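Read the single chain below, which is given as structure tokens and is the form predicted alone.
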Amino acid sequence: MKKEEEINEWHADKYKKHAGFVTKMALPVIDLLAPKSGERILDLGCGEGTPALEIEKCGAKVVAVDLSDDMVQKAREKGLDARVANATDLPFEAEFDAVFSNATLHWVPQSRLAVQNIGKALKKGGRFVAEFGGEGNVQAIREAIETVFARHPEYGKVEIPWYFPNTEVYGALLKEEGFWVEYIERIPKPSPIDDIANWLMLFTNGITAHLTQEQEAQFRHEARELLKESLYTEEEGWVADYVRIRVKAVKV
């Protein structure tokens, strides 16, 4: 299994250009977090820092962490206390009133270890609020990826890096690791995107890292053609088949 840091390579400018909708999706999660003045909050998977800035508008102090050096640098340029850190090896102990995470934890297949680290970082009574991919997320996209790889044995075996649990599994995991689950919900969130080819470039570069340039271009073209039928219309353009889990839990 690939290490978490090897799953995908992130470029802040490309992410902002082609996946700005992900940042907008964070706003309801911040509402659920309900940050308070004076609180110390960890933003786990901060990206280029926009959600962390929204949290700080409420008077909280955010420590923002991400695996990507490029993302962390962009967050620092916005004045944030941003650091490179791994969800499965957080260097914090009982420091935070809350841990916030948006669109990150589906990239962490070691889910129990991540939850343990989140619990370790929180003070007793601290809250964990997150949204990430849930069961059925990008199902059509995943099937297209697998179909294209099956057509081309020369590509090798496809390794899908994502972790998309259902609410029962994730809720049980949280309880086993010492959390009281206040709220958990599966939310279908069809999301307009500029072009599925750009989505594939951004979010599957870890899957295609071993391919030649020519093979990668062929992969994106064939996947795009497959997905036209299910994810594209003249009226709406491209709409990705997102499904999210949104959760709020308290460390007991």
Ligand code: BEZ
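A residue's number is simply how far along the shown sequence it sits, counting from 1. Computed from a prediction, not measured in an experiment: that's the story for all the values here.
One more form of this protein should be noted, the form predicted together with this ligand, which is absent from this view; the next part is about it.
Partner contacts here mean any heavy atom within 4.5 Å of this ligand in the predicted complex, and among 91 to 99, 69 to 77, 158 to 166, 171 to 179 they occur only in 158 to 166. Remark: F219 does not count among the residues lining this ligand in the predicted complex, judged by a heavy atom distance of 4.5 Å or less. Contact check for N137: a non-hydrogen atom falls within 4.5 Å of this ligand in the predicted complex. Interface membership of R127, defined by any non-hydrogen atom within 4.5 Å of this ligand in the predicted complex, is ruled out. By the criterion of a heavy atom within 4.5 Å, W107 is counted among the residues contacting this ligand in the predicted complex. If you take 215 to 238 and check each residue for a heavy atom within 4.5 Å of this ligand in the predicted complex, you get nothing at all.
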